[in-house]
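Just one chain is shown here, as structure tokens, and it is the form predicted on its own.
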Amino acid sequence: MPKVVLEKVSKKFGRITALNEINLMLEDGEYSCILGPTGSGKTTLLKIIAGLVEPDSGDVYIDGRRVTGTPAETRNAVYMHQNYALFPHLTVSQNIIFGLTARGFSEEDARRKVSEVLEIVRLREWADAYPRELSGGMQQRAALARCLATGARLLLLDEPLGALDARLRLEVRRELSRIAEELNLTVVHVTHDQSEALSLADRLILMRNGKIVQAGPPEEVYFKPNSIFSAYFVGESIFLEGIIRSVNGRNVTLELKNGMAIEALSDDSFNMGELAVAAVRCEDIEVGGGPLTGSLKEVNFLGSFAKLVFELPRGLKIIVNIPLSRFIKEEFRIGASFQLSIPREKVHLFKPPSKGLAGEIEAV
């Protein structure tokens, strides 16, 4: 199984810096998801690993071998496009065989390989079907079978589920995870869908403006965001600006702009009188009891949970996501007043960004 290492990889397209000195190590057998907004450099990074784009500077290593400047076909990697690129006039089997014969496989070996990969992706009964006869999910699996047939151990996926509807995405997501584990593949999967990345990744790599903002296990990125942007882009958070009014060891009090206050835990980097931004996950805010009081303005039922929007004095809004089990037991009446609390250990404090909070959480 290949290990992938990037050292100070940079790439520009005219005046646009797509990648800025990227350092990254992807372990053998790891399923890595690269997440980020449009224009963050995700696809450029994937194509540089594949050999479809050459970096302006820096090096790429696959399985300990420097592959910078080498042709894509020598890298033991396969790149899967978002649109699948199946030949419409060829059957599923013929689509797979075409690539194998182009690589020098004998007809007998190619047919044996086709049978193997169709079994893996559970399309054996559709071997003679044309792409137009397949559902979106089946087309995706056919394209995946074509990639697997090459025998490449490094699978590079560029928004592979983007063309599928929500229900199919869940189904194919499970299939991808199963296949990668069964075949011991190293997978690099580019996506802008955070739920997709969180559910699939062994390692989540969050990008913005050509740089890696945070990388680590998805649980770490979710529960321990290292920046305002990480807290904004992964999961759903609210952001409260204020001033530090007291510091007692790690315990600090943040006075909000409306005069109310919340407690937080600090890493000793904040002093009394300093400005700060608190990031709080919407599911971590508790309704009932607490120092914050607001009136309920909106109730949105979203299936497994409900989204409640509260308005506090001076126009401050707080969004709370509560589980369905509690929503159906209690009465949440529009206009009613509620007390809200935020556990101090759930508050992430950050220094105010120089360009302002709104500028920091812009998607691009």
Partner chain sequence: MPSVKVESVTKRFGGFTALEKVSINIEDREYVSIIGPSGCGKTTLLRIIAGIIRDYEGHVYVDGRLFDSEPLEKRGIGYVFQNIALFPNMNVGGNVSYSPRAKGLDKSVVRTTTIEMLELMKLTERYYDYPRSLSGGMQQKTALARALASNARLLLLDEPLSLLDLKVRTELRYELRRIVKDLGLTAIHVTHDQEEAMAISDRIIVMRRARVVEDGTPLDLYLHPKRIFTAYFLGESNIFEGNVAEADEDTVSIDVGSLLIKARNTGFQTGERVVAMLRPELVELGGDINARVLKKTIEGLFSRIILDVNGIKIIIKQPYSIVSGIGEGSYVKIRLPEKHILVYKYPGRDLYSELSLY
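Residue numbers count along the first chain shown, from 1. What you are looking at is a predicted structure, and each value in this text was computed from that prediction instead of being measured.
Here the subject shifts to the form predicted together with the partner chain, a form of this protein not shown in this document.
Participant: So, a 4.5 angstroms cut-off on heavy atom distances: do all three of Leu256, Phe310 and Lys355 pass it with respect to the partner chain in the predicted bound form?
Facilitator: Checked in the predicted bound form: no contact with the partner chain for any of the three.
Participant: So which of 331 to 339, 65 to 73, 50 to 58, 31 to 39 is the stretch with heavy atoms within 4.5 Å of the partner chain in the predicted bound form?
Facilitator: Of the options given, it is 31 to 39.
Participant: Can you work out whether Tyr79 and the partner chain are in contact in the predicted bound form, taking contact to mean some heavy atom pair no more than 4.5 Å apart?
Facilitator: Heavy-atom contact with the partner chain at 4.5 Å: absent for Tyr79.
Participant: Is there any non-hydrogen atom of Asn321 lying within 4.5 Å of the partner chain in the predicted bound form?
Facilitator: It does: once the partner chain is placed as it appears in the predicted bound form, Asn321 has a heavy atom within 4.5 Å of it.
Participant: Even though the partner chain is not shown here, does Gly235 get within 4.5 Å of it in the predicted bound form, heavy atoms only?
Facilitator: Residue-level check for Gly235: yes, a contact with the partner chain.
Participant: Contact with the partner chain in the predicted bound form for Thr91, defined as at least one heavy atom pair within 4.5 Å: yes or no?
Facilitator: Thr91: no, not in contact with the partner chain in the predicted bound form.
Participant: Just to be sure I understand the contacts: of Asn209, Thr150, Ser227, Ser199, which is the one whose heavy atoms reach within 4.5 angstroms of the partner chain in the predicted bound form?
Facilitator: Checking each option against the partner chain in the predicted bound form, the one that comes within 4.5 Å is Ser199.
Participant: Can you work out which of Glu116, Asp268, Glu107, Glu181 has a heavy atom no more than 4.5 Å from the partner chain in the predicted bound form?
Facilitator: Looking at Glu116, Asp268, Glu107, Glu181 one by one, just Glu181 meets the 4.5 Å heavy-atom criterion.
Participant: Which residues in 288 to 313 have a heavy atom within 4.5 Å of the partner chain in the predicted bound form?
Facilitator: In sequence order, Glu298, Asn300, Phe301, Leu302, Gly303, Ser304, Phe305, Lys307 come within 4.5 Å of the partner.
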